[in-house]
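First, one chain by itself in structure tokens, the form predicted on its own.
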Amino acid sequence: MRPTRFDFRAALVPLAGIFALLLVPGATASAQEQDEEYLQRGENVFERQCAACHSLGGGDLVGPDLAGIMEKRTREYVRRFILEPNALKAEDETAREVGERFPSAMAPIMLSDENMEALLAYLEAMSDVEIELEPEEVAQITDELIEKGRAIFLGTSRLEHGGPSCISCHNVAGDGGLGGGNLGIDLTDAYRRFTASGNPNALLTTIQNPAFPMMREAYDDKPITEEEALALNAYFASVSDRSPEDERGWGELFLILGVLGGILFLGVFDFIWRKRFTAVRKPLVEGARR
């Protein structure tokens, strides 16, 4: 009787199945980790680029609450609103209504394709998450806080972490002597504009977590403290009834006075030296005739 030959290929089939069962959980875990990292990337983009003006389930801030936005709008619509908000408002009635409700204009946000996709994936993942927040207390506005905020804005009181004073880039009508900087927007009516959506702490949130690139760069490693943010918020609230157009800025007035002073200065010296030509030419002419 001939011995039965051992079929190695047949024996490998169940072994392959065992190895597959062992590897699949690892592959699944790896995919889950990649998904979590991808969503974490999207969350980081949201926190840096969006959180100063938008919340996810926390109510309207400077801009609308974005909870459920991916269920209400298509990915392409949200993508375009991020990249070209002004162009979309010019074409779409819904976008125009959002702009009227939230008067602080949204600036275009330039994101790489990877960061954009990660952000959209994060917004999708957060669409069905119910976030329950306790009602936020309205920030206090007292005379003491207003004076402290004014000193911080003008730079007469230095920020705890050494950040630059607000007046180096911004202006408030009626304060600042010769006026403030022109690098940033006029903040005279910032409190009124930011709280127009109905959230009285919208400006406070933006001060604590600035999304504007230059401001974020300036305060990223020198953050404004909670106490300083409360003081600045109170100060901006106290000046919000002023209008940037109500009075001429001191800087412009100083420029006008400087020009007028220069003209007067030249006029005085011209009067003093009015005979300078005849005093020189007359002796020369008479000397030449002799």
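So that there is no doubt, residue numbering starts at 1 and follows the sequence shown. Since the model is a prediction, treat every value here as computed from it, not as a measurement.
This protein has a second form, the form predicted in complex with a small molecule, left out of what is shown; the following refers to that one.
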Q) With the partner left out here, if you bring back the small molecule in the model of the complex, are Gly58, Ala196 and Ala231 all within 4.5 Å of it by some heavy atom? A) no
**Q.** Partner-contacting position among Ala151, Ile141, Met126, Ala218 - heavy atom within 4.5 Å of the small molecule in the model of the complex
**A.** Ala218
**Q.** Any non-hydrogen atom of Ile69 within 4.5 angstroms of the small molecule in the model of the complex
**A.** yes
(Q) Residue-level question: is Leu187 within 4.5 Å of the small molecule in the model of the complex, judged on heavy atoms? (A) yes
Q: Give a yes/no on whether Ser157 approaches the small molecule to within 4.5 Å in the model of the complex, heavy atoms considered.
A: no
Q: Look up in the model of the complex whether Asn201 has a non-hydrogen atom within 4.5 angstroms of the small molecule, and give yes or no.
A: no
Q: Using the form shown as baseline, tell whether Tyr191 and Lys89 are closer or farther in Cα-Cα distance in the model of the complex, where the change reaches 3 Å or more.
A: farther
